[in-house]
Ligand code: RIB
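Only one chain is included here, represented as structure tokens and corresponding to the form predicted on its own.
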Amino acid sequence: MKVLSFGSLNFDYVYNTDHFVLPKETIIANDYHENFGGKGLNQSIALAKAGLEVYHAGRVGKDGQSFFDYLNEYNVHTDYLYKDESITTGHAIIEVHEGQNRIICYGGGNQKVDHKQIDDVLSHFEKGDLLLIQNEISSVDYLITKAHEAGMKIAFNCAPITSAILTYPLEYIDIFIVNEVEAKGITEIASDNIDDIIKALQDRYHNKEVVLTVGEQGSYYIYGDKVIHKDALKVDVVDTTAAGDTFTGYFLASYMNEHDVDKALALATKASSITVQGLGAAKSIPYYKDLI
């Protein structure tokens, strides 16, 4: 089985502040960091640090050469990472306060992924291979359709949640990975009650595997009538950036290798609890050897 992570790559500009900026307000940041990020990149690195051989597909701009070296540093293959000299790479402005964050993303190359690139990349994969995608690149609906036609197993982290997601061919998704906001978006439920959200996921996606993360309340694996819950670990939170991406990568790596849901949830929970104790995105993701 080959693993393809087809997703976003961003330059992250991270500002630590005393409070989140208010409308019409200008504030002075206490600290500033530049990092490599993007949900796609973070999840590729999480998969690789968890022990899988991973290929990353995406698109960077004329300023994006450093992403090739950065991904290779973490043993992520960049054969299918495209560099487009006519555009700039995506970036994110991240405001961090008391361990929580607010993020503004500019799509850049992430929004230039087209059908030709998807066809070219998928021609190197076959039935049974795993595709992990998020919602930070263009042409996601086409990517889902073509990966399904190729017989790939598709895991979809529905982030960020947008109205367009419900127009995607979600019937082709094998594993949904969502937080409570994203779960409400793909089920069109208004309730914030976790039990109601789980019931809505069971009703709408009864024959799909769903991983639901709910922060301090832990995580759930849902498949038909089966529901497995794993408590979160209590740690001192420094920065939640890439915590969800770490969870996604480690869950899939463990689950695809051993098909043990309890073990996969436990490993993903431990890995993400380590990520939130460090600053930055990909660099704060732990290696598998640090978890055992």
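Fair warning: this is a prediction, and the values are worked out from it, not measured in the lab. All residue numbers are counted from 1 along the displayed sequence.
Keep in mind the form predicted in complex with ligand RIB is missing from the figure; the text below concerns it.
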Would Ala46 count as a contact of ligand RIB in the model of the complex, using a 4.5 angstroms cut-off between non-hydrogen atoms? no
4.5 Å heavy atom contact, Gly37 to ligand RIB in the model of the complex: yes
Even though the partner isn't displayed, in the model of the complex is Thr248 close enough to ligand RIB, meaning a heavy atom within 4.5 Å? no
Using a 4.5 angstroms cut-off on non-hydrogen atoms, would Ile173 count as touching ligand RIB in the model of the complex? no
Contact check for Cys158, Ile161 and Thr213 against ligand RIB in the model of the complex, heavy atom at 4.5 Å: no
Location of ligand RIB contact in the model of the complex, chosen stretch of 229-237, 37-45, 58-66, 255-263 [non-hydrogen atom, 4.5 Å]: 37-45
Residue among Val121, Ala92, Ile87, Ile154 with a heavy atom within 4.5 Å of ligand RIB in the model of the complex: Ala92
Going through 1-35, which residues have a heavy atom within 4.5 Å of ligand RIB in the model of the complex? Please give them in sequence order. Asn10, Asp12
